[in-house]
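What follows is a single chain, given as C-alpha cells, in the form predicted on its own.
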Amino acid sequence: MIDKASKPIVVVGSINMDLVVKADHIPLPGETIFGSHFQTFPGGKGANQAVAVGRLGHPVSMIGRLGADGFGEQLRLSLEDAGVDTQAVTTTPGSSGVALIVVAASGENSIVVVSGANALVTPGDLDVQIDLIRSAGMVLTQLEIPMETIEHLAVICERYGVPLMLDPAPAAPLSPQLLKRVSWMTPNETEAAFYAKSLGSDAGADSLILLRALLGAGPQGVALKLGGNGVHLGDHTGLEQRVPAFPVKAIDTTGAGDCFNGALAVGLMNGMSTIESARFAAAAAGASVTRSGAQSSMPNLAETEALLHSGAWPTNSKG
C-alpha cells in the first residue's frame, strides 16, 4: 500500500497577480480615498493553496492556465520557487488573471477578480492530466475557474476515489451532484450564509446551524472558517468541534483562508486526525496573517510548528 504522505496534493484552480493597495479603510460605494502603499504579489486562490502546500514541504502539482503577458512568467516562477510542480500549467494567449485588493489598516480586505486565463481552464485540460489527478492523495479546487470544469473534476475524483476539497469561493450556486462528490467543503462565514440560504436555512444562524445545513447538502465534511474566531468542523461521523484561532496580530488577512486549506490538506495527508489537522492549519493561517501579501505570507513547516507549539493555543474550543 502506498503511504498517503508520499502522494502529491494536486491543486486545480486560479493563478492571479494581486495588485494590492493599502489604505486606512475599505472605501464605501462612491467614496474616493487615498492609499498609502501599492505592491504586486503573486496570488489566486488555486496558486495560493498550492504555494501553502509547497512551503509546508508536501509534494504538490498545479493544474491551471497563465496568460502570455508580463505577469505569466512571474507567476510561474513564484509557484516553482515554493516547490510547486508547474508542468500542468499551460500558457495561453491573452492576459493572466488579476485581483485588485484593498487592505484596510485593520487587516481586513476587499477583492475584485478579473479571470483572464483562468476562465479558459477546461474539462479537456483535466482529461489531459488524468494520470496526475489519479495519482493524488487529495485534490483541492475553488470557484475561480469555470463551473463545468469543477463539475468534471468532481466526477473524475469520484471515479478514481481521490478525496476532493472544495473551497466554494467566490460563492456561486452549486449543484447537488457536485456537493455529494465533495470530501471537504471549506466556506467562510459569508459563503456559508450564501449556501445556507440557497438550501432554505437561516443565513443569519450561528455557525453550528450553518454547519449542519451544509453537511445536509452532501459533503462528507465541512470546515467552516470563522476568521479570527477559528473554524467549526463537522462530518457525517457526528463530529462537531470548534477549533479556535491563534491570538496573533493581523497585518494582512489576504490568502489566510487559502493557507488554511493547503495546511488542512497537508495535515490530513500526513495522518493527523481531523482536529489535529485543523489545529495545524490554524497555526499556518495564523502565521500567514502576520505578513503582507498572499503567497509571500505563506509560512514554512518550521514557522507553522513554532506557532503550533508556542503555548499560545486558546483553550475555549467547544462543540
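Numbers follow the displayed sequence, beginning with 1. Please read all numbers here as calculations on a predicted model, not as lab measurements.
Form predicted in complex with a small molecule: not shown, discussed below.
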* With the cut-off set at 4.5 Å between non-hydrogen atoms, does residue 304 touch the small molecule in the model of the complex? -> no
* Would residue 43 count as a contact of the small molecule in the model of the complex, using a 4.5 angstroms cut-off between non-hydrogen atoms? -> yes
* Asked: Might residue 64 be said to contact the small molecule in the model of the complex, defining contact as any heavy atom within 4.5 Å?
  -> no
* Please check if residue 288 has a heavy atom lying within 4.5 Å of any heavy atom of the small molecule in the model of the complex. => no
* Just one of 239, 205, 143, 113 has a heavy atom within 4.5 angstroms of the small molecule in the model of the complex, so which one? -> 113
* One residue of 294, 60, 56, 278 in contact with the small molecule, assessed in the model of the complex (non-hydrogen atom, 4.5 angstroms) -> 294
* Which of 152-160, 105-113, 180-188, 128-136 has heavy atoms within 4.5 Å of the small molecule in the model of the complex? -> 105-113
